[in-house]
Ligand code: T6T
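Starting off, we have a lone chain in the form predicted alone, written out as C-alpha cells.
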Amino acid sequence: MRKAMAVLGTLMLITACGGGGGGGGTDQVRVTLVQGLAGEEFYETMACGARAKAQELGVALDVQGPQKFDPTLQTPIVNSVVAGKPDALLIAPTDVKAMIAPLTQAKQQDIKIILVDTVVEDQSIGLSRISTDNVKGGAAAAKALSEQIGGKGKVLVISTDPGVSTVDARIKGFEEEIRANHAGVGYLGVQYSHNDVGEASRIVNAALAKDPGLAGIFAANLNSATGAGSALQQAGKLGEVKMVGFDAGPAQVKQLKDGVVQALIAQLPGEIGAKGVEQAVAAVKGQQVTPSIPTDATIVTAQNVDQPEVRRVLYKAGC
C-alpha cells in the first residue's frame, strides 16, 4: 500500500508540473518555446501570447531562454530541450548560422520546429517562420527619423550584432529608404551594441564626442534604444538629437513620454507567440502549416501612445 501511494504521489507531481497547457490526457501536445533572451520584454510578451494560446488549445507549454542573446548560451538550452523530446519547438534563433547545427539535431529527432521572430539561413529548418516584416519596419523608421530632423543632418544606426536576421532586415530597410528618398540625410553607418544597454550608451557618447552635429539615431532593438536614450539624457541632448527606436517596452514608452525618443516601431510579439503555438499544433497533428507568416508593426508617438488600440501593442514584463 505504501509503495502504491508513493507511485500515486509521483504521478500527481508529474501532472502538476506538466507545463502551461490547459488540457490533459495522454495525447496532449508538448511544446517548448526557447526565447532569444529571457526576461526581455519583447520575449516575455511573446511568451504571454504563447501561454494564452496554449491554454486555449490544451497544449503543455514550457518556456526557456538564455540570459544573453548569444548562440553559445542558447545552444545548450536547445540540446537539453531536444533530449526531452517535446512534440514541437518554437525558437527565436540567436544567430543565422550558429544555430543551424543544434536545430538540425532537433529536426532529426522529428521535433516540429517553428521559427519565431528570427530565422536561420538553412531554409529547410522551420516548418513555419513567423516574424515582423522587418524591412518594412526599418523603412518606416527611416521615414520617421528623416521627418524628425527636417530631412537633413547626420544619422547613426545602433544594432545588436551582425547575423541576427530581424535586425539585419531592419537595417536593410532603413538604408534603402534613406539612400533612395532622403538625399539630405548623411548616413554614418551602423554600430553594434551586442544587445547590451551599457555598450549602446557608450556608442552614443563616443558618437557625440566625434560628431557634435549628430542629428538622429535609429536604435534597431529594445536594448539599443534603452542605452542610446540614457546617453542622450545624460549628455543633455534631449530634443536636439532625435531618436526612433524599434520595440516598445516599458523603458521605451517612458522615454517616449519624457521626450527622449520621438517615435517607436512596436512589433506584435504576443501575436507572434500565439501564431507559433497554432502552427506547432497544426504540424504535430499533421494539419496544414503556413510556411511564412508576416506580422504588422505600429508606429507609436507621444500623440497616440495612450490610445486604447496602441496601448494593447505595448510590451509587458510579464503576464
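From a predicted model like this one, the values you see are computed outputs, not experimental measurements. Note that residue numbering begins at 1 and tracks the sequence as displayed.
Although it is not shown, the form predicted in complex with the named molecule is what the next lines describe.
Note on contacts: among Ser146, Gln74, Ser128, Asn223, the single residue with a heavy atom within 4.5 Å of the named molecule in the predicted bound form is Asn223. Shown alone, this chain has one stretch from 137 to 145, 117 to 125, 205 to 213, 75 to 83 that lies within 4.5 Å of the named molecule in the predicted bound form by heavy atoms: 117 to 125. Taking non-hydrogen atoms only, Glu278 never approaches the named molecule to within 4.5 angstroms in the predicted bound form.
Contact check for Ser201: every heavy atom lies farther than 4.5 Å from the named molecule in the predicted bound form.
In the predicted bound form, at least one heavy atom of Gln267 sits within 4.5 Å of the named molecule. When the named molecule is considered in the predicted bound form, Asp95 lies well away from it, no heavy atom lying within 4.5 Å. Along 62 to 83, a non-hydrogen atom within 4.5 Å of the named molecule in the predicted bound form is carried only by Phe69.
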